[in-house]
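Here you get one chain, nothing else, as structure tokens; it is the form predicted on its own.
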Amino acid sequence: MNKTRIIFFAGKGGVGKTTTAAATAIRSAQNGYRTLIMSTDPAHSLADTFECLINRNVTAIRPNLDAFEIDPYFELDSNWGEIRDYLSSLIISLGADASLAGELATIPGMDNLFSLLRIREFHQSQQYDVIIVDMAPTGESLRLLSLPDAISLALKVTRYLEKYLVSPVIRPASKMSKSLRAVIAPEEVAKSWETLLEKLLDVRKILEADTVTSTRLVLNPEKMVINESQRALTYLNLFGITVDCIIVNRLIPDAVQDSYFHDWYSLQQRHLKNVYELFSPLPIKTVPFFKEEVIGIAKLNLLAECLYDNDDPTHLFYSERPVKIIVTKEERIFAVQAPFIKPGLIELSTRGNELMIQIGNQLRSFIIPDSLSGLSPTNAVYTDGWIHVKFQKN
């Protein structure tokens, strides 16, 4: 394997991300790949899944397989400690309670942000062929993946202010003013901040260019979970992260004929049909509802067999993003891959943050991002297998 393969497992809480990620890691290691599985979910369950002790130190689970759980407090202190100390002293000087200064100096979500730096660290070490990331529930995961773009802007602003204002004017002036000196960050703190931003930008480059990176969305055949997964797919594509398959977990097997499960089975089958329609052309993998909890190596091996059969679990099952957001000066375009249709049959409508595209008697809905929710779809153009829905201001 020439490039480090990074696979994210994302989805709504409780759908089975950890077990599917763990099964994938086991099969990857069995195929001879040096594999690391890491958890960024604050409610870690990797240790329970593997039935062994796992912490913030890399732990060998099996041949070719290591595991690691992010310690958010350790990551926060390692990456934010120097900056936090400066901000705490500044907040105290402005009259805040000293007992609260440390909390006020820590931006919510920073612990999630710093977990990305560990991916950078493991990637640069070239110690592993495959890195599998068990992510936090969908909302946190999406915020995690979008943060480097915000960091890029922060870095540009920081460098501009440091070059044209702080370094030539404010910092020299602070040497003659005690009150100004208390406010302006020392050079080492400013440097620490800039270094941190640069590291986070490196993460973005790794995700986009230096590795074969994809996300696998795990869901259960339930209406709310499917809706959340639609939203996740839209945003992952918006952030430039490829989703290479959908995993439908905990399907009641056809062999279960008990009358108690009959209605539940029928409902799941209807939702499963909906999943195939909504997420086409993405590959769909299905996993049955096991008789027992999927805990321990033996059960995880069974899950891996159901998931991948003879396939290589590290294979990129789908490389093209089926949904794209195209931004021009005049308009924004929501592009959807939809081969083999007749252009004249496309009809558009919206409902809240949903875009409905009707093709003949088939209706497909998409959760549109906030950047489009305030605009109105004007028309749809069908070109080379893609529907381009144009949005403009009302």
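As the structure is a computational prediction, the values presented were derived from the model and not from experiment. The first residue of the sequence shown is number 1, and the count goes up from there.
There is another form of this protein, the form predicted together with a small molecule, and it is not shown here; the text below is about that form.
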Do V15 and the small molecule come within 4.5 Å of each other in the predicted complex, heavy atoms counted? yes
Non-hydrogen atom contact H271 with the small molecule in the predicted complex at 4.5 angstroms: no
With a 4.5 Å heavy atom cut-off, would you call S365 a contact of the small molecule in the predicted complex? no
Against the small molecule in the predicted complex, would V275 count as a contact residue? Criterion: heavy atoms within 4.5 Å. no
Of the listed stretches (314-322, 83-91, 286-294, 158-166), which one has a non-hydrogen atom within 4.5 Å of the small molecule in the predicted complex? 286-294
Interface check vs the small molecule in the predicted complex: of T213, N79, T234, N249, the one with a heavy atom inside 4.5 Å is N249
The unique member of L200, V225, L303, V130 whose heavy atoms fall within 4.5 Å of the small molecule in the predicted complex: L303
